[in-house]
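Only one chain is included here, represented as structure tokens and corresponding to the form predicted alone.
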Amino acid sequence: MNRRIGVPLFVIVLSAITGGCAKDEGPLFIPTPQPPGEPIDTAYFSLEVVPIFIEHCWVCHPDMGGLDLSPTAAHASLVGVTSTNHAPAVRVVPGDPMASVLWHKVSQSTEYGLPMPPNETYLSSSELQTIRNWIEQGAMDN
């Protein structure tokens, strides 16, 4: 083989092999450090987020399409779970609301179809902020 062709070809093949081995682990949640002395308003899933689901979502999602928003099943049904209707998108990506189907659905985005809740019964700005804070803070089951 001609040496001028062989070296670039080897580099291309090596790049293709090593690039194909890379595994996408998805977004990594790294909390933003708070300045010393600044209070952190932690969003609590069981005390703040679940009541929003009960008031606005649970009537239609007691266990519909694998999405159970009941108090005992909501966290396991949302966090890190691939959306049934929008795969490979994930329902809730800890630390990243914009990558979370739930955030798009409740914030009236049409990125993933019909916004929720339906019939123009929107969540209040404080309810939306609570859900966003919870996702940004790692979507903990607290």
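Sequential numbering from 1, following the sequence displayed. As the structure is a computational prediction, the values presented were derived from the model and not from experiment.
Another form, the form predicted together with ligand HEC, is not on view; read the next lines as being about it.
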Report the residue, out of 60, 98, 73, 47, that has at least one non-hydrogen atom within 4.5 angstroms of ligand HEC in the predicted bound form.
-> 60
Taking 79, 132 and 137 as the candidate spot, are all three within 4.5 angstroms of ligand HEC in the predicted bound form by heavy atoms?
-> no
Examine residue 109 and determine whether its closest non-hydrogen atom to ligand HEC in the predicted bound form is within 4.5 angstroms.
-> no
Does residue 119 reach ligand HEC in the predicted bound form, with heavy atoms at most 4.5 Å apart?
-> yes
Answer for residue 42 alone: is it within 4.5 Å of ligand HEC in the predicted bound form, judged on heavy atom distances?
-> no
Taking heavy atoms and a 4.5 Å cut-off, does residue 93 contact ligand HEC in the predicted bound form?
-> no
Interface residues of 66-96 toward ligand HEC, as seen in the predicted bound form [heavy atoms, 4.5 Å] = 67, 69, 83, 84, 85, 86, 91
